[in-house]
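Below you'll find only one chain, the form predicted alone, shown as structure tokens.
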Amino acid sequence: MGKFKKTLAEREQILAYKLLFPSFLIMLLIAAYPLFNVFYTSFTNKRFASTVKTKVIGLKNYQKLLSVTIKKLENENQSSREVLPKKPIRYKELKRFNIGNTHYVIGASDPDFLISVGNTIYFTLWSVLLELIIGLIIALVVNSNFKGKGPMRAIMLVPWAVITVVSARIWEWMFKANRTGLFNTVISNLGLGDGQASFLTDQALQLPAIIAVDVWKTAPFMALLLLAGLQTIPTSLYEAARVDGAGPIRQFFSITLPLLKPTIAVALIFRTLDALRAFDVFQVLLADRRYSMASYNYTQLIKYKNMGMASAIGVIIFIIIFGFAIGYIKFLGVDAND
């Protein structure tokens, strides 16, 4: 009997592999080939929509994107051009810093790319954190019993349903740097400023503005994911906790948060990977004023026709996203059985 069961299990396993094979073959065709092609193109000087013959140039695209050097300055007013290397790669100033009374300059062969990486990571960390907190609050509210919670759940998804380009245009009007913009009108009427705040041109306000747009749009979707997790928690656990005298805060930290951990992990991974690929909100609201990794990739490909460089950027984005995914899984202790 035991031998028969083992044989049957093995036959079912073989059948499962046979059923999976067509899907695996399709995935190989539609995913593996483009991925291989991007990796290969990243080692060439290929031009987009050009008849120029393509040559393999090795790691030069990656060298151009990632080369960084640090040089000492004689004084804080010295020009970085005097100390940064010009050959074989020309370095441009990325940032200055001081250690004690000694001044240094960080040079990069492509500072715009490194700044776009910093912009994207800053945007990702803050937007995902705020979306998690706001989404969890919304999920807890709509998960409670009150009249009209059905329509409320539908209404909360409206921002997420709006196309990103459309929502970015709406916010662009609200961010206008004069009193025709909503925020400047409110600020002016409350006497908090002159109503001339330049949300989309002031360097200090650009990323907070972009983060606000993303949080407004995506927090409801995060709430929907967390709400699904909340509804899997048995109500009997809360009833038992109330009998034992546990208040709402104790119930949240002892029951809700531990049992919601796998859902939070999935939501964080999903939103983080999505935020790292942010393109449309940056492109619509900031264009060439400030790049994300994806919008810089778009600029290299469409504006400069540099397909080899764009492919190298795509590979670096892939590696960063892969690293974040692995880090999340390890840090949150989520395995395949959760």
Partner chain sequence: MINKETKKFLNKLLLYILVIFIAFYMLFPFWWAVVSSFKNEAQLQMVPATFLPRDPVTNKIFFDLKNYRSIFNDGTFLRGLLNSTIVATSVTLLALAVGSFSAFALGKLRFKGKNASLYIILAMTMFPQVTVLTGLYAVINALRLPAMASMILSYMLFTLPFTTWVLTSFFKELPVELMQSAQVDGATPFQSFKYILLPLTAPALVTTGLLAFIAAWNEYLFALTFTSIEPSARTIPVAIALFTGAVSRQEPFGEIMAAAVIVTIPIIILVLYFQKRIVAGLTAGAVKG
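Take the two forms, superpose them, and find the largest set of C-alpha atoms that agree within 1.5 Å; that set is the rigid core. Please read these numbers as outputs of a predicted model, since none were measured by experiment. Residue numbers count along the first chain shown, from 1.
Separately, the form predicted together with the partner chain exists; it is not shown, and the next lines address it.
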* Structure fact -> the partner chain in the predicted bound form has a heavy atom of only one listed residue within 4.5 Å, and of Ile106, Val141, Ile89, Leu114 that residue is Val141
* Asked: Heavy atom within 4.5 Å of the partner chain in the predicted bound form: which of Ile249, Val243, Ala204, Ala161?
  -> Ala161
* Asked: Which one of these stretches, 121-129, 76-84, 181-189, 98-106, sits within 4.5 Å of the partner chain in the predicted bound form when only heavy atoms are counted?
  -> 181-189
* Asked: Is Pro234 close enough to the partner chain in the predicted bound form to count, meaning some heavy atom within 4.5 Å?
  -> yes
* Ala209 within 4.5 Å of the partner chain in the predicted bound form, heavy atoms -> no
* Asked: Should Pro151 be classed as touching the partner chain in the predicted bound form when contacts are defined as heavy atoms within 4.5 Å?
  -> yes
* Looking at the partner-bound form in the predicted bound form, is Asn37 within 4.5 Å of the partner chain by any heavy atom? -> yes
* Could you check whether the CA atom of Ile326 moves 2 Å or more between the shown form and the other one, using the rigid core for the fit? => no
* State yes or no: after fitting on the rigid core, is the Cα displacement of Ala49 between the shown form and the other one at least 2 Å? => no
* Asked: If you line up the core, does Ile70 shift 2 angstroms or more at its C-alpha between the shown form and the other one?
  -> no
